[in-house]
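The form predicted alone is given below as one chain in structure tokens.
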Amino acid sequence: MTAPPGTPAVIGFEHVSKVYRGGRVALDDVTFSLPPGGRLGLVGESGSGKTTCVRLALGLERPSSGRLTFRSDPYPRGRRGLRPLRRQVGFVLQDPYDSLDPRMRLGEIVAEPLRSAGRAVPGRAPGEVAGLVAGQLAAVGLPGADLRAHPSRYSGGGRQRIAIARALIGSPAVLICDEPTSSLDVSVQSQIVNLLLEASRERGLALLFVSHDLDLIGRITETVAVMYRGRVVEAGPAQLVRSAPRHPYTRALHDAVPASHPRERRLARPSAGGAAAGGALAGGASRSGCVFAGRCPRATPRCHSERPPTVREQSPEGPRTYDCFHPISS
């Protein structure tokens, strides 16, 4: 259930930029918010800035400028200050083969968020913890799982279920999913997607879902932010952005050549001699114009020299924004 209008966002990015050493711009003036119980998708090619957003949301890095908030409060500094925040954030990685320690047993893996520095969970008996773990595994489709087993016993889909159980056992307020289905077989992907949607709806859990796949994002999330080279170029209701994009880059994502894996997809109509696909701009590169101008079939000289303003429009589905001088008409 999505929170009523006016409820403070669980996670908020307000004009956030991130510049790394050497002047490499990973994020440039990014603004979006994730309301309690809402589902927001970040979509774009590799190098568009999605992973940097995730790292900032997890408190692994700090923005170079702008404001990053959790329930309207600025992100705290330091590992100790971040601990209370991180208890409210669950995280599911892309590759379940890398995210689960093969030396640990299922009971240890899933209970990990409930433990601190390897000590027993304060105030909970071992049997109570085991019951919580078993119940959480059953909730993600692994009833009767042997808590003494190692993750090697499970396939990719089973391991991702274990990872989801670990992310949910602490009853977080938000679940961040970074390409959680891209390494799985197509037959298993829909099961994991349905599991995440069910968890979000039943628990009132906010969901930040990161993907290369605009079609997938449109089916999972309520709103979507389309990112390209560190900027949000279009944002709005997921179904609207998916079916009637305004920005040429969103259209290119929509028309992307199908591939067996999202990372292998290429835009259908890159312009000859344009900028390299994806990637943040290196130090010294110009950001005065539209970041997509070098690949856009609709680009004019103005697009290369001026930064497009953010256009806001209202639709029956909700508000939408896009940065483009020559938007695609509906």
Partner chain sequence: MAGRPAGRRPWQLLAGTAVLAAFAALAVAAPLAGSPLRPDLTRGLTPTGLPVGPSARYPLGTDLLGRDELARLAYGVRVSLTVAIASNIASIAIGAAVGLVAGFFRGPAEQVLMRLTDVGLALPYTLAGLVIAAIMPAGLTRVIVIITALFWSYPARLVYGEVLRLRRRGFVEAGEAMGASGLAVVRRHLLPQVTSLMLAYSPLNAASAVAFEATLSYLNAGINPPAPSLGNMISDGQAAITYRPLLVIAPGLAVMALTLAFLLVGEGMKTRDPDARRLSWLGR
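Numbering follows the first chain given and starts at 1. Given the structure is predicted, the values throughout are model-derived calculations rather than measurements.
We do not show the form predicted in complex with its partner chain, though everything after this point is about it.
Q: In the model of the complex, does Arg201 have a heavy atom within 4.5 Å of its partner chain?
A: Although its partner chain is absent here, Arg201 would stay clear of it in the model of the complex, with no heavy atoms inside 4.5 Å.
Q: Counting only non-hydrogen atoms and a 4.5 angstroms cut-off, does Gln189 reach its partner chain in the model of the complex?
A: Gln189: no contact with its partner chain in the model of the complex.
Q: Residue-level contact is defined here as any heavy atom of the residue lying within 4.5 Å of its partner chain in the model of the complex; does Asp185 satisfy this criterion?
A: Looking in the model of the complex, residue contacts with its partner chain do not include Asp185, since no heavy atom lies within 4.5 Å.
Q: Taking any heavy atom pair closer than or equal to 4.5 Å as contact, tell me whether Arg166 reaches its partner chain in the model of the complex.
A: Looking in the model of the complex, residue contacts with its partner chain include Arg166, since a heavy atom lies within 4.5 Å.
Q: At 4.5 Å by heavy atoms, is each residue in Leu60, Arg87 and Pro113 next to its partner chain in the model of the complex?
A: The answer is yes: all three residues contact the partner (heavy atom, 4.5 Å cut-off).
Q: Going by heavy atoms within 4.5 Å, which of 218-226, 100-108, 172-180, 138-146 lines up against its partner chain in the model of the complex?
A: Single hit among the candidates: 100-108.
Q: Can you pick the one in His254, His150, Arg71, Arg83 that has a heavy atom within 4.5 Å of its partner chain in the model of the complex?
A: That would be Arg83.
Q: May I ask you to choose, among Leu205, Leu240, Leu93, Ile162, the residue with a heavy atom within 4.5 Å of its partner chain in the model of the complex?
A: So the residue touching its partner chain in the model of the complex, by this definition, is Leu93.
Q: Any residue of 219-245 with a heavy atom within 4.5 Å of its partner chain in the model of the complex counts; write them all down in order.
A: Nothing in this stretch is in contact.
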